[in-house]
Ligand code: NOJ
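Consider the single chain below, provided in structure tokens and representing the form predicted alone.
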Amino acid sequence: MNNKTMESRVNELLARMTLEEKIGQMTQISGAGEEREELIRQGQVGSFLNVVDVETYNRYQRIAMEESRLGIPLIMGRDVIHGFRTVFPIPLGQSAAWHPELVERAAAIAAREASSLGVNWTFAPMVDVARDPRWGRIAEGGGEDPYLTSQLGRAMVRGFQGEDLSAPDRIAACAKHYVGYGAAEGGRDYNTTLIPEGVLRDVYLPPFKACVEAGAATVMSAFNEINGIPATGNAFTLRQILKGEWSFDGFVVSDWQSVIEMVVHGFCADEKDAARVAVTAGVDMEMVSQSYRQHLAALVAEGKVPLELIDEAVRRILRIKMRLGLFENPYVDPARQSVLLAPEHLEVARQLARESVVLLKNEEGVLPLSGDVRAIAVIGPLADAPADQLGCWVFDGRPEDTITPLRALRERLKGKADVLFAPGLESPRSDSRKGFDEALEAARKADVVLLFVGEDAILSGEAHCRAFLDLPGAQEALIEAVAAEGKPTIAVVMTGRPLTLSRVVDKVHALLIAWHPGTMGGPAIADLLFGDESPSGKLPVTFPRAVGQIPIYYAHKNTGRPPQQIDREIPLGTPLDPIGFFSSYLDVEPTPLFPFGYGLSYTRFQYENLRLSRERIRLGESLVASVDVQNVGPVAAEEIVQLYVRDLVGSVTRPVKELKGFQRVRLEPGERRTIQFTLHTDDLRFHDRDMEFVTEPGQFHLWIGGSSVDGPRASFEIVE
């Protein structure tokens, strides 16, 4: 169906609807029950949450199609955040893979599985840029960088929706949470955000724009307020930017009861006022709360909400239902459930988990493990924790499907080596040390120790924020006790966020960040430990040395007195003679523990001969940056080659570095390859003090390397 025909059908249907039926399309409710069926018959509901049962789904759709007056199908939403029955790494882990094509494949698999049970709309991707790891929902997004998060968001939208949204194995995407939710004060969920418009447009909005450009069917308004105005009642972000400047023609859904929460914010007097504010601002569908159904008709009758706004909202909702093909194909074939946990799905989950793991330390090449190891001690509360391994926001994955590291290692080493298991702690948050003796005995008998530590899944996700980012419970004490046995010790950290690992990193020989890796995390980790593949993940977010450094991120501004690489000491100067007065702390280094983009390999990559096709270009032109990358180590491996740029002088100050491109490259031992990036002057645009989106002439630095802190540098100039 072409767009002209679709719009004609939408308008024809809209003209036949009563006001109550229109408001029904703008209403989403959660759960099942007989009373819901009557609402469907009356045309008073347009969408359901969390109906994940083919029989119930088909029954509800049949009532909507055959027993309601107009036969408008329902759209069924579900949080399919990082997989459905096959669970992939948490999105932060997927971002660590820096592999958009693989992320797209994972989202397509999630859509295939979810759609087989009647889900045709997911509330993903979450593309909130997050620079405070205390925030529990950092686990659900792409990390601290708008460019990388944009790539992840685009990939997920393409994966969920495909080329044809009406295909039976595709579902509608929803970019969330619009906007600025990741900037919540103090990393506390739902909290206030204060974001200058230039920062909003340059940091927090680009991933949403990328999703819109990729064709995202829907967008979700956020819980937070932005500079005093709740996101769900923010006409500037919803109507002016999203629907106006970006020409978004899908629909906006509120977050769970975020419409009526504007009363609690102190922005609306009551729920009726909240309904007026939300629909006026541009929220087309209300999730769970019922202020639209209860008050919009009266608001229209009173002249407080123009009927045109109702018609616009309903038109958007009907448009997406038609694009999904629900009018022609509203039902699900129960036989399609056979796609769950298909072998090819599990293989993609294993590959994505493997590529998401980041190697942060490998002292004396202790990894990969050699084939002559005869006894391995597997210690730690997350070695065999199938539910925790899945991570947060998992509703449909099952622990019994999970292959844990312990299980994977036992299967791999059966008949070859002894696997001595001692959890040491009952759970990651346990303070009891009664299991230490057993763990130490296992370490003494082993040739090598594998420590599986980190956060249990419940410590991350919505409303799960942390003031301290150390390993919880007695895990640090367990690591210290085991390391004191003197055996080669490898720590594998499963986590939903960056942790402060300063007291851990020096006690172990190797350190891997595995995030919460999903269903196939165990085999993926085993693949890496034994060198079937080299780790290739890179950090999508900075790891601080201490909580007191937060916020700490690579694309910071420089200040007039940037930190200096000097010994930490109290400055000797005074305000009258400010010797040694820099922007830093007295009691912690100014640098992070591990920087953005960092990640080691079992080989080494050497970057040489950075060159630019042109050192002087005009506005509107491009240059090509080339660098020679050579694998100078012993094994074949993949490297993520990263391009960074700095605008040295701007009409508003610019970050010290910004990611502008990356490529995943596989090199054999000794192989050298020239990697090229094309950089257009439009790639360097930002919003100036007048909020014009411009590239300003001037001097620039450019780096290509393996992280945000290394690689050769070149310079170029843009002229008018």
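This structure is a prediction, so every number in the text was calculated from the model and none was measured. From 1 onward, residues are counted along the sequence shown.
Keep in mind that the form predicted in complex with 1-deoxynojirimycin (NOJ) is missing from the display, and what follows is about it.
Participant: Can you check whether D79 is within 4.5 Å of 1-deoxynojirimycin (NOJ) in the predicted complex, heavy atom basis?
Facilitator: Yes.
Participant: Answer yes if any heavy atom of R158 is within 4.5 Å of a heavy atom of 1-deoxynojirimycin (NOJ) in the predicted complex; otherwise answer no.
Facilitator: Outside the cut-off, so no.
Participant: Does D255 reach 1-deoxynojirimycin (NOJ) in the predicted complex, with heavy atoms at most 4.5 Å apart?
Facilitator: Although 1-deoxynojirimycin (NOJ) is absent here, D255 would touch it in the predicted complex, with heavy atoms inside 4.5 Å.
Participant: In the predicted complex, does L49 come within 4.5 Å of 1-deoxynojirimycin (NOJ), counting heavy atoms only?
Facilitator: Yes.
Participant: Please determine, with the chain shown alone, which of 363 to 371, 588 to 596, 255 to 263, 423 to 431 has non-hydrogen atoms within 4.5 Å of 1-deoxynojirimycin (NOJ) in the predicted complex.
Facilitator: Comparing against 1-deoxynojirimycin (NOJ) in the predicted complex, the contact stretch is 255 to 263.
Participant: Could you work out which of Y644, Y204, F123, Y553 is the residue within 4.5 angstroms of 1-deoxynojirimycin (NOJ) in the predicted complex, going by heavy atoms?
Facilitator: Checked against the cut-off, the match is F123.
Participant: Sort through D470, D447, D169, E462 and report the residue having a heavy atom within 4.5 Å of 1-deoxynojirimycin (NOJ) in the predicted complex.
Facilitator: Of the candidates D470, D447, D169, E462, E462 is the one lying within 4.5 Å of 1-deoxynojirimycin (NOJ) in the predicted complex.
Participant: From first to last in sequence, which residues of 272 to 294 have any non-hydrogen atom within 4.5 angstroms of 1-deoxynojirimycin (NOJ) in the predicted complex?
Facilitator: The one in contact is M287.
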